[in-house]
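As structure tokens, one chain now follows by itself in the form predicted alone.
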């Protein structure tokens, strides 16, 4: 196989492996009871993983977020949560306010 076809072959193998699992999920989805205890447990684990990821991003950030102050990250997170709940679980409003608050708090520290 020439070097030209190698990336294409790798991409096809990766796509094939992905689509096998998707097809299996579609085939089994009709047999899954979404109200079962196992499904509730999976949902709880998914929420716990998401909460842990968000906490890690706030407390132990990497990349450009690591250059911001912890107080700024916490303030932006609290503001985002407050707006999220005040707007009856409007995710767009919460994320927008949290982002704007983090930018404003960080930008305010660099100017003054």
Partner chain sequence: MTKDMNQRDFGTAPAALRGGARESFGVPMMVLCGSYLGFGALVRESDLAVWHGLFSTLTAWALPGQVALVELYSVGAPLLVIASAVALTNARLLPMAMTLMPTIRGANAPRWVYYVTAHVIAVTGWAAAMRVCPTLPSEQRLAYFAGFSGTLWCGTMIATAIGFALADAVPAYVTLGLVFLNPIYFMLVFASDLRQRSRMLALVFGAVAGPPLYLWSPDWSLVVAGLTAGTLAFVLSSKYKARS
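Because the structure is a prediction, the values reported are computed rather than measured. Positions refer to the first chain, counted from 1.
Beyond the structure shown, there is the form predicted in complex with its partner chain, which is absent from this document and is the topic of what follows.
**Item:** 4.5 angstroms heavy atom contact with its partner chain in the predicted bound form for residue 57
**Value:** Yes, residue 57 lies within 4.5 Å of its partner chain in the predicted bound form.
**Item:** Interface membership of residue 42, its partner chain in the predicted bound form, 4.5 Å heavy atom rule
**Value:** Flag for residue 42 set to yes.
**Asked** Could you tell me if residue 65 has a non-hydrogen atom within 4.5 Å of its partner chain in the predicted bound form?
**Response** Residue 65: yes, in contact with its partner chain in the predicted bound form.
**Item:** 4.5 angstroms heavy atom contact with its partner chain in the predicted bound form for residue 81
**Value:** Result yes; residue 81 sits at the interface with its partner chain in the predicted bound form.
**Request:** Scan 79-100 and write down, in order along the chain, each residue with a heavy atom lying within 4.5 Å of its partner chain in the predicted bound form.
**Result:** Contacts from 79-100: 80, 81, 84, 85, 89, 91, 92, 94, 95, 98, 99.
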